[in-house]
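A lone chain, given as structure tokens: the form predicted on its own.
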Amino acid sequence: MNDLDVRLRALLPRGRVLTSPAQLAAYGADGLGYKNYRPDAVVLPADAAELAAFMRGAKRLAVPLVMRGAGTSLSGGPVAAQGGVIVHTSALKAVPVINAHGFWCEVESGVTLNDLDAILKPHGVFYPPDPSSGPVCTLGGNVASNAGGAHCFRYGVTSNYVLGVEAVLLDGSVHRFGGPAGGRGPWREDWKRFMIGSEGTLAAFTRFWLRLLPLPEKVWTFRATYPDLTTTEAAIHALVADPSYPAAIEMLDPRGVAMVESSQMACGLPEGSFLLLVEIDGPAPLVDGRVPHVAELLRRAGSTDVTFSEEALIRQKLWKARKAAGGLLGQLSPSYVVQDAVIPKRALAEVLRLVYDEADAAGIRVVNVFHAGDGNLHPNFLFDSRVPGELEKVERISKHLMERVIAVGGTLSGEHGIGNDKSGYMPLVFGPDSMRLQLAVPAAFNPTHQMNPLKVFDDRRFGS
């Protein structure tokens, strides 16, 4: 038993401290998978009080601390890039308050998105952010990365729904920033905007107060295929500008469609075409009346194959195929990188052609499945990290992609965060003065950068 093990067991019961190589192996990577950073230890607090008690002694450990929920991050966020202790918070699963009349709930950070949806549904309300990893991703990770999802085109991302955050700082003190009253009453310190999207660099999250919406009365899902990027882009522009205001506009390229149809998620998608998945929702008479118009809009843009349904089973099958696409990539390739960038929709075809041209020239397979409505691209580069030179090819393509994204007026992340995967691209967007100003925020909360070092800023190192 090493010295760190002894000190950790003085802070937490024995069963909640993991130090054996077999136990730590599962915590070496996040959803990216190909980069591995084995931590020195993992701790699993049983509840918020135990987490706060651990944090009170953790500063004296003099090792990095990394918060982790389900580990579904696709940016290298919840990994021990500089070693240290991973604090696994998925045991915080309580939903103590659902105030359906006030349209808010109180929920702990380890609750998963799909579990929260199931709990809220009988109350006639829902929480709109819906990342594809909803069955397993936790609210703590969603808030830390400001996650989005398929329906963020209409409903917005996580930051639009967080009313308040309870967080434990590095000294073990517990603070509530905001709350169901939106920062008034006993929740006076409305600093939640600092916390949302902070990627574990400021504090440990224990609970949230979330804004809810009434469940839509009626939902229609459309499926339309297009022969090329030009017609697909035209359809997206038409949908975005239309008063029907879709809740979601998702795109799968022909390679993504073929991947779905060759899997257990096959749902009869026509191969060889670009696919748009579109959804409208709202009051039944209003939504039913918009169906013919949306179908005609999709046809006018160039589709000869438009189908639509209000049947729950049909709709669920389509969405299951879309949201499972990320998991299916693991069946095609031993390694893959999912990039996350946002561009103006006018540059969609231009940037996608760059992705295809660069990947094809390098002999790297690429699959595009993304949130087309808000221009949030997710090119998936498939490769084998065990083959010399493969990773370097993907990194060169990723750099060229990010340079083009910035050149057309886009930005580095729409929902996955920066982590350590995109930290090297930050100077493409921010100058030295802006970088210093941003670094001052985590430095104010923990001057030695003990919380999640080497994330967001590639020179933000513990002890520096």
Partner chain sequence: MDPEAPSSHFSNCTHCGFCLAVCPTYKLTGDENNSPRGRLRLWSEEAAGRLPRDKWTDFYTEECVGCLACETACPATVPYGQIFERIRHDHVTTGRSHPGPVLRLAAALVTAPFWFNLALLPARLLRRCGLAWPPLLFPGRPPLLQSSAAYAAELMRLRNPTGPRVALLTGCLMEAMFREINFATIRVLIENNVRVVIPEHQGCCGAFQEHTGLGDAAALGARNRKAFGSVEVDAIVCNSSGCGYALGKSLAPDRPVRDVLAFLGDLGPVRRQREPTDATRVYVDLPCHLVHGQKSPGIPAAVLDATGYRWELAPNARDCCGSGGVYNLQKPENARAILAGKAAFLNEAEGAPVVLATSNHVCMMQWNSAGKSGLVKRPYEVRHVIQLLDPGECFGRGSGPA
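So that the term is clear: the rigid core is the largest set of C-alpha atoms that superpose within 1.5 Å between two forms. Note that the structure is predicted; figures quoted are calculated from it, not measured. Positions refer to the first chain, counted from 1.
The protein also exists as the form predicted together with the partner chain; that form is not presented, and the subsequent description refers to it.
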* Asked: For this chain shown on its own, do S75, A94 and T158 all sit within 4.5 Å of the partner chain in the predicted complex, going by heavy atoms?
  -> no
* Even though the partner chain is not shown here, does F274 get within 4.5 Å of it in the predicted complex, heavy atoms only? -> no
* **Partner proximity in the predicted complex: V405 to the partner chain, non-hydrogen atom cutoff 4.5 Å** => no
* Would you please decide whether G330 lies within 4.5 angstroms of the partner chain in the predicted complex, comparing each non-hydrogen atom pair? => yes
* Asked: With a 4.5 Å heavy atom cut-off, would you call A29 a contact of the partner chain in the predicted complex?
  -> yes
* **Of R353, H175, R386, R300, the one that lies within 4.5 Å of the partner chain in the predicted complex (heavy atoms)** => R386
* **G83, P227, P334, G282 - the one with a heavy atom within 4.5 Å of the partner chain in the predicted complex** => P334
* Asked: Among 131-139, 389-397, 310-318, 216-224, which stretch sits within 4.5 Å of the partner chain in the predicted complex, heavy atoms only?
  -> 131-139
* **Contact set, 252-274 vs the partner chain in the predicted complex - heavy atom within 4.5 angstroms** => Q264
* Core aligned, does the CA of S263 move at least 2 Å between this form and the one not shown? -> yes
* Asked: Taking the rigid core as reference, does P447 move its C-alpha 2 Å or further between this form and the one not shown?
  -> no
* Distance direction in the predicted complex for the C-alpha atoms of M265 and G141, relative to the displayed form (3 angstroms or more) -> farther
* **in the predicted complex, shift in Cα separation for G141 relative to K323, 3 Å or more** => farther
